[in-house]
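Presented as structure tokens, the chain that follows is alone, the form predicted on its own.
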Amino acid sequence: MTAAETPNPPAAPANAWQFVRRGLLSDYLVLWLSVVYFAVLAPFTPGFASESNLQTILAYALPILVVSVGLTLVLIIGGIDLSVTSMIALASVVGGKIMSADEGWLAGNALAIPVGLLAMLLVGATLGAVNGFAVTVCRIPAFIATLTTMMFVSGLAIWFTLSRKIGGLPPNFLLIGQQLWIVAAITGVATWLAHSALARTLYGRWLYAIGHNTRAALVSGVPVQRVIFFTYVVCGLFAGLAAILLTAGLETGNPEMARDNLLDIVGAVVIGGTSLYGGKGRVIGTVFGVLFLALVDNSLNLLGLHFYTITMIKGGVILAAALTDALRNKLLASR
């Protein structure tokens, strides 16, 4: 057989691998997965595509997105914050104790709402500062520091209220949660600010530098300890904002608020492409991750699956995302 007659090797496997590779490295992978998931499940899940259910998905996803965005910043520097849901719970009951018409410290006072809102944000920021201090000054590993904060603050919220929910919140405060467009506007502004900080400011470049290589960032003149401390404060501030949205939406201050949402929050950030190794992540990816998990959670509930079954499935999805993250890192390293 002559050289001219020699058949070319099949290119299909190589082309298929290139397609998969491009998909894995795409910033919009999770968005396309969300679209495909919705399209596949909609015909088989009663009410999944209805307008009222889409509003339900949005109402659930928006507060989760706020706190997930804050956590994204922490993961980019190679940290972790397991205490965000406990921050939400404590901020919720502190705000309730201030504003409640039944038992509030400023019941009936015109300053009740502004003071209550400020207090909820300050609770989150203060607890974030505690985490930042533990990590930067005390040199405690972030996992241990924030796990300890989570346990202590969860117990504090329950002790503070004697396990009771706080009702009687002012109607003007509840209006925040009752109007979906207000929640969407607040979430949109907070998300845009975080995105802009990451993409367009020196602070954002410092975050990525610290996540890539802390020692190299320090040698380059980055104020590493101050940046890490400030990032934990910002994460706490976002948790306080999420507490405002959730408390207004649920109409009570709840010492167990968001207790079961830690898996969704961390999972959404990881699914959205923020690396567990630090140094990589985008706010828009977190938006896609929250959307995907919200669709999964909602559809499984509509299908009537048990809570623990849903948790197992979401855990499997997050594990797949972590494995995908490891594969993406290997592909990027091989470029």
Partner chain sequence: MEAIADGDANRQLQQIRTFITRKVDGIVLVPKDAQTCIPAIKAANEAGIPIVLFNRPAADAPGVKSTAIVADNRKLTRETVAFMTEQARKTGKKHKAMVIIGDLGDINAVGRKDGFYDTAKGQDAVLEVVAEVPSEWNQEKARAGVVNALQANPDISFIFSSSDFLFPSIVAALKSANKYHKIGEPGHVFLGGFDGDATAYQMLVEGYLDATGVQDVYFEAEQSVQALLDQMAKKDVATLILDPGFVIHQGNLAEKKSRMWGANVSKK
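On a predicted model such as this, the values are computed, not experimentally measured, just so you know. Residue numbers count along the first chain shown, from 1.
The same protein also exists as the form predicted in complex with its partner chain; that form is not shown, yet it is the one meant from here on.
The candidate spot formed by P223, T231 and S275 is out of contact with its partner chain in the predicted bound form: none of the three has a heavy atom within 4.5 Å. By the criterion of a heavy atom within 4.5 Å, P46 is counted among the residues contacting its partner chain in the predicted bound form. Within this chain, G249 lines the site of its partner chain in the predicted bound form, having a heavy atom no more than 4.5 Å away. For the chain shown alone, S34 is not a contact residue for its partner chain in the predicted bound form, no non-hydrogen atom being within 4.5 angstroms.
When contacts are judged by a 4.5 Å heavy atom cut-off, L29 does not count as touching its partner chain in the predicted bound form. Exactly one listed residue, out of P141, G188, G167, P114, brings a non-hydrogen atom to within 4.5 Å of its partner chain in the predicted bound form: G167. Checking 204-212, 133-141, 156-164, 78-86 against its partner chain in the predicted bound form, the stretch whose residues place heavy atoms within 4.5 Å of it is 156-164.
Counting a residue when any of its non-hydrogen atoms is within 4.5 Å of its partner chain in the predicted bound form, there are no hits in 226-245.
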